[in-house]
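Considered here are two forms of the same protein chain, supplied as structure tokens in two stand-alone entries, structure 1 and structure 2.
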Structure 1
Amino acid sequence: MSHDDLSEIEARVLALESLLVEKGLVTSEEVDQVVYRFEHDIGPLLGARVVARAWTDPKFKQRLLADGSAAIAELGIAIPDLHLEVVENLAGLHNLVVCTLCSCYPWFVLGLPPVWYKSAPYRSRAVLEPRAVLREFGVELPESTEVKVWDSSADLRYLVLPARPPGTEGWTEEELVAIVDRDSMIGTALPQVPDKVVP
């Protein structure tokens, strides 16, 4: 691509990368590697594995709730400088995660946050009217369900442990992983059991 073909913003990024390479701070290969990792290796599947393990192994779940960082290390997930706090949905209690000041997010178990999580509409309203926000995601909670919002303003990162849905009794860990989607670990969705796989 010639320089003329670059948009202004692409040109700025290119200039910045060149400058940092020149300074010896980074190499372009390292940049490639980070991009590759986030596009291929680090994503919500990691979190889904954590959740499915917690659903099938009560002792792991206990350790996960007591010290999230240590528990996910057992699954090979490392999180330098941050602490994972796992919050559990219970009958009558729903958890929702937001970062009103920027967009803190447990990227080491969920990958990079979706655009809506970083957007002003979500950041502004999740703390003020969580039920209205949940409705926009199609989640309608009973009036009696308590809603706990976690505004992640420091070095803690929150992962919602959704309630294991009925109809999944006897499923294997691998089968369970498939129904834990990203939004259910942020709190903006509930795990769905697809009709076809219900016996």
Structure 2
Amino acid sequence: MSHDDLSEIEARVLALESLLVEKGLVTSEEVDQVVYRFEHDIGPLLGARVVARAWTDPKFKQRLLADGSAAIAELGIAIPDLHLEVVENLAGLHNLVVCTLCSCYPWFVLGLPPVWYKSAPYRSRAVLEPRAVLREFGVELPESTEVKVWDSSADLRYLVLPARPPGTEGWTEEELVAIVDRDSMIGTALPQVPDKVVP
């Protein structure tokens, strides 16, 4: 990507990082490590633990669907002063999360939002043609499946509770965590069960 392709915010971030590196306050590797942790460990891992707990503990799942903020706090996850609503994928119902105004996102359980989540095309098309958007992400749903789009706001964030894949009965919570990714908790993916993960 050339500097001409950067958005204004990306250019500012790059300039700030360059300045911090030049002054010897951080290294590029340290910045990359922090970004990696937010993208792969801190956020999505916390969300995956929430999902796996809901799949293995029916009482926790009830509390999660009734009050997502309170249930997540039970797991020791610090959340900001806003409401988190958890919406469940069911047979015949698939949920998709978007923020049409900006990029409101449950970063405290999912980490940094993906670039596409913040893009204008996703923000508009997810509402206007959600099935087409899902197909582009590789999610093919039967025509009989209802797609419900949830619009996040400054005070209200959404998390998708994906359907537990068949063939995972008897799996431990840790084994289930490994098959839940960020996109499945936004609704743009489905948890996959690779053959090598099957116990």
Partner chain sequence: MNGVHDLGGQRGHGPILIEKHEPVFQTAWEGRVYALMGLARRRGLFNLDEMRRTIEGMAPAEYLRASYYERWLTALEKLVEEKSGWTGPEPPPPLARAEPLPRFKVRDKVRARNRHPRGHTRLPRYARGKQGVVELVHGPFLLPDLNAHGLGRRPEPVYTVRFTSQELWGDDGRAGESTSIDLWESYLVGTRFRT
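What you see is a predicted model, and the numbers here were worked out from it, not measured in a lab. If you superpose the two forms and keep the largest set of C-alpha atoms that fall within 1.5 Å, you have the rigid core. Numbering runs along the sequence of structure 1, starting at 1.
For the form predicted together with the partner chain, the corresponding chain is the one labelled structure 1. In a rigid-core overlay of the protein, Glu17 has its C-alpha displaced by at least 2 Å between the two structures.
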